[in-house]
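Given as structure tokens, the chain that follows is alone and in the form predicted alone.
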Amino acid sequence: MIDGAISNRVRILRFHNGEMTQAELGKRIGVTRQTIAAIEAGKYSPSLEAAFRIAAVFEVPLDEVFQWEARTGK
């Protein structure tokens, strides 16, 4: 199994889009404000559908919101 971590730019995108609140983003994609906070903090990985919904809200490709960084084991 390839080990890695997901990072995201949700917080940056929110602020570049009229300082959208976590609650507003959550409402637009059908999750709670707490879920958005957990995603931003890297404590929760969204479902693939939620990830696409977030990208759609900001009108950017998925890889501009979420990035995967593989770790090489030694």
Partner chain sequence: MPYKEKTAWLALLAMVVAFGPYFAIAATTPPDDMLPNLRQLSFFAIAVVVQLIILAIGHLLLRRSSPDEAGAPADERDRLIQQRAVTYAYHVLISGVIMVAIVMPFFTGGWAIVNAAIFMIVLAEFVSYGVTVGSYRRQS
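No experiment lies behind these values; they were computed from the predicted model shown. Numbering follows the first chain given and starts at 1.
Not on display, but discussed next: the form predicted in complex with the partner chain.
Contact annotation: residue 57 falls outside 4.5 Å of the partner chain in the predicted bound form, judged by heavy atom distances. The shortest heavy atom separation between residue 50 and the partner chain in the predicted bound form is within 4.5 Å. Each of 31, 35 and 38 places at least one heavy atom within 4.5 Å of the partner chain in the predicted bound form.
For the partner-free chain shown, 43, 44, 46, 47, 50 of 41-68 come within 4.5 angstroms of the partner chain in the predicted bound form, judged by any non-hydrogen atom.
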